[in-house]
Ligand code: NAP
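Encoded as structure tokens, the following chain is the form predicted alone, with no partner shown.
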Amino acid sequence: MERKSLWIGGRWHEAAAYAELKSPHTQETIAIVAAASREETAEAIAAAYGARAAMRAMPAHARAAILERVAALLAARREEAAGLIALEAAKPLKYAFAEVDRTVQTYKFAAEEAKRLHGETIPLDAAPGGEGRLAYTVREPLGVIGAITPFNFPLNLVAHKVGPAIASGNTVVLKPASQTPLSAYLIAELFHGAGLPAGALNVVTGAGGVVGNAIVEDDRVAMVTFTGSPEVGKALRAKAGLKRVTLELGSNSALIVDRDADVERIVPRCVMGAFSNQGQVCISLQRIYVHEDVFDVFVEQFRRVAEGLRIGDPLSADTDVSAMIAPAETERAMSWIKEALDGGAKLAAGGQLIDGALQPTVLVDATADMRVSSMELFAPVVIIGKVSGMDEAIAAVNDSRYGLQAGVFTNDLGQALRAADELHVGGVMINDIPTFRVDHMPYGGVKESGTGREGVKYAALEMTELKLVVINRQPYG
């Protein structure tokens, strides 16, 4: 049985307490993992705080070289990394491999951004009294970054915090999700092997109420970057004081299908967006608003493709859908489905458990006040609603406490541009699903979907301070 301690100051650090890590698919114990205390978390913060000077002094090309080596080391251990993700998160292997490949690219993007962080010159003589002065800005690292990551992309969402932090010369205390620590420890080993200074990356596993709070409340931590639920994000921000905070929170991402969309071609893409990783994706396709002219054919084709997905062992290469992250989450999703059906929604597909895994589920006639519509499902469940036109569709998408990403399928350029203008979200995907993301694009939302932006360049900017330097050319004139 694998036993994982804490990674602090460039070495393994025995913890006072440990906990069993169970497979979401089989519920068998797969590892014994450290459960850190506040005091042990403080040791990790101290290590990161002590490594600040070394990281700040490291030239950009050296930081870039470390990140490139991490990308190469991860690519060489692709199968091992994908296996860890499938084991600890029950992510089907095909999606686990895709995550590893994306993570390699994320670290490559971080390596590139390490060499691109720069300021600008300011023409002070544009204002009266500014003559004779040279002004420029520089970007400096904040110091210690507290990174708190979720289970659903345990490798790549760690990369989206650790990569930009290292690229911009910061140090990191990483608290991975309690269910997915193994892939985070793998990354710590890779950074150590790539030559990262001791203490620049520390991995502390344990309960969010203990480890997360210790990170957020420590004055030595300059910034907290968090991906998770709105409820936890709000509480975290309230405790953070004057720390810089980036929050990537929930969503119930929506898609509009216009009357002229090619239904047969787009349905497989929509099914993937709704059910990949069991719907446990921040931008998973949860709500689909289809023009009444094509509604019936869309629902029928969607049902047919969804019912063709294979449910099974995440370690099997042909599995499409497996168990959700925990039995309690499956029970929650089932209760929300029941609530919708009791309220008048109709089941078009799925809705049952197969060996503990929830079938890909399609609901129609769900109302906006039902939890399957108004809350973040984070489950393999999608609702499909009928709309009379773009006015009704845009209003339905915007009728949400969230606003991360939305999609629109239409051949009408005017309608596409109108949707881009009027949808109140962080990103609008024209002729694609809201689940689309590549790792260098700005990513973040509005309303209860969070604050700040990720995407390597944008995260690196969030993790630096802008300093202005003004030189008076004639100080005695």
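All residue numbers refer to positions in the sequence shown, first residue = 1. It should be emphasised that the depicted structure is a prediction, and the values quoted were computed from it without experimental measurement.
Form predicted together with this ligand: not shown, discussed below.
Figure note: of the listed segments 71-79, 211-219, 367-375, 336-344, the one touching this ligand in the predicted bound form, with heavy atoms no more than 4.5 Å away, is 211-219.
Contact annotation for G169: none of its heavy atoms lies within 4.5 Å of this ligand in the predicted bound form. Shown alone here, K175 lies within 4.5 Å of this ligand in the predicted bound form, counting heavy atoms only.
Not displayed here, this ligand is approached by F151 to within 4.5 Å at the level of heavy atoms in the predicted bound form. None of the heavy atoms of I122 is located within 4.5 Å of this ligand in the predicted bound form. Residue F226 is the only one of F226, F109, Y289, F302 with a heavy atom lying within 4.5 Å of this ligand in the predicted bound form. G206 is the sole member of G206, G273, P92, G163 with a non-hydrogen atom lying within 4.5 angstroms of this ligand in the predicted bound form.
In sequence order, F226, T227, G228, S229, P230, V232, L236, E248, L249, G250, S251 are the residues of 225-262 having a heavy atom within 4.5 Å of this ligand in the predicted bound form; the partner itself is omitted from this view.
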